[in-house]
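So this first bit is one chain, no partners, the form predicted on its own, shown in structure tokens.
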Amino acid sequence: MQQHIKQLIESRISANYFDTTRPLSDADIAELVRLATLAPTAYNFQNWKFIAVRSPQAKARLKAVSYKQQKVEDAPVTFIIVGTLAAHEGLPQALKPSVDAGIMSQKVADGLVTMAVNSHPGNPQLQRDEALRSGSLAAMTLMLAAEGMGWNSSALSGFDPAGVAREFKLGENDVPVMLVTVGFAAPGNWPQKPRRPVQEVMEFA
């Protein structure tokens, strides 16, 4: 692991307080999403969406369905990380750029599509698991990208999924995975909290 990546991980905090006077630009927000989409997904599904909640009106709607957490209103942007179901249906299109770039052959792409189509249709649990995995990987990548760009973040699982889906017009195949607030930390945040010792959570096999 390169030293600067290690330092980002070791210095990251979960910010509860954000500086309300320092916004992020459209370009900043778009760059965070671009970096988040470099996270891995099974079959290269890329089964995710990112809703950047930043207007006062949208923040108020999101705050109302996330148990009135103040950081949703204070952070310059809160991302709704959405995983998508039935990812196999969009896989040919998702793989086409890799084929066009010569990264994989059409035969390999067709094989991946066949495997996904043989396993995912009719298996809602697998589809949901995959949506949650993809969304979570993207969220963590986004948070590390934010840290590397000099910002702070916080992952929120405290929200009403049905309320989020309603307020932001999510489709029937959209699963809200988590919220991620991003911005400049204000005074009063805790430092990174101690973690359980490695020997308690790791074993060799």
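Everything numeric here is computed off the predicted structure, so don't read it as measured data. So that there is no doubt, residue numbering starts at 1 and follows the sequence shown.
Keep in mind that the form predicted together with a small molecule is missing from the display, and what follows is about it.
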N44, A86 and N173 each touching the small molecule in the model of the complex (heavy atom, 4.5 Å):
no
Does I13 reach the small molecule in the model of the complex if we count a contact as any heavy atom within 4.5 Å?
yes
Do S154 and the small molecule share at least one heavy atom pair within 4.5 Å in the model of the complex?
yes
Is Q192 near the small molecule? Define near as a heavy atom within 4.5 Å, in the model of the complex.
yes
Going by a heavy atom distance of 4.5 Å, is K71 a contact of the small molecule in the model of the complex?
yes
Within 4.5 Å of the small molecule in the model of the complex, heavy atom basis, the matching stretch of 144-152, 30-38, 157-165, 56-64 is 157-165
